[in-house]
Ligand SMILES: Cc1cc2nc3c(=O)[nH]c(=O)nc-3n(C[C@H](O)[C@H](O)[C@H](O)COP(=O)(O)O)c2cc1C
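Okay, here we've got a single chain as structure tokens, the form predicted alone, with questions on binding and movement later.
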């Protein structure tokens, strides 16, 4: 399996998205996948202009001269695209959305009926890559991801891609508490690696492994107090501190 992973976090390697995404991809590598990861923050990706030149003037070619042609080719050749993004305002980051908006040259302007819905056929003629979502948020409740997951599912239907599933971690700042919650964090990260192995070995993500990644380990009120104490310290220091 050839996996193309994009990390849409502006914090790149310093963010919680990186931890979860890399554990998931490490599991995929262990199962034999070929994996390539890029940080969208490091790439020059202009906003889509909605000009449709890539459909009517130069089919498949965007007017922008930036890094997207290379990234689209990697996406086109992949068996699976893994989208890593933290939850921002109940959705994905601007970097991630801009990347996905700019994928429009990969489809034809014409419509075809698929299960009673208008869809754009892929320009290459091959089936689009499967898509997996990997996401984190600071909120305690797992249902905070529902809007983002629904968006990804709808996007995949429109692209005629298979949405394999969402590997999500609420209360993601638990990753910074390794000194006091070492065993629990080890369990979460191993579950993420198991999910990566499952993707490659079974071509699916089981509800059990996704539940294990998202499992609650601390009472809700304790997490609330800890989070607010942390932000009070940051405000007093006038900068974001390491937890």
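Small disclaimer: the values here were computed from a predicted structure and weren't measured. Positions refer to the first chain, counted from 1.
Same protein, other form: the form predicted in complex with the named molecule, not shown, and the subject of what follows.
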(message) Within 4.5 Å, heavy atoms only, which of 78, 103, 156, 87 is in contact with the named molecule in the model of the complex?
(response) 87
(message) If the cut-off is 4.5 angstroms on heavy atoms, which of these, 107, 129, 72, 137, is the one near the named molecule in the model of the complex?
(response) 137
(request) Sort through 147 to 155, 95 to 103, 111 to 119, 169 to 177 and report the only stretch with a non-hydrogen atom within 4.5 Å of the named molecule in the model of the complex. (result) 169 to 177
(request) Using the partner position in the model of the complex, report whether residue 223 sits within 4.5 Å of the named molecule, counting heavy atoms only. (result) no
(request) Note that the named molecule is not shown here; using its position in the model of the complex, name the residues of 1 to 22 with a heavy atom within 4.5 Å of it, in sequence order. (result) 9, 11, 15, 16, 17
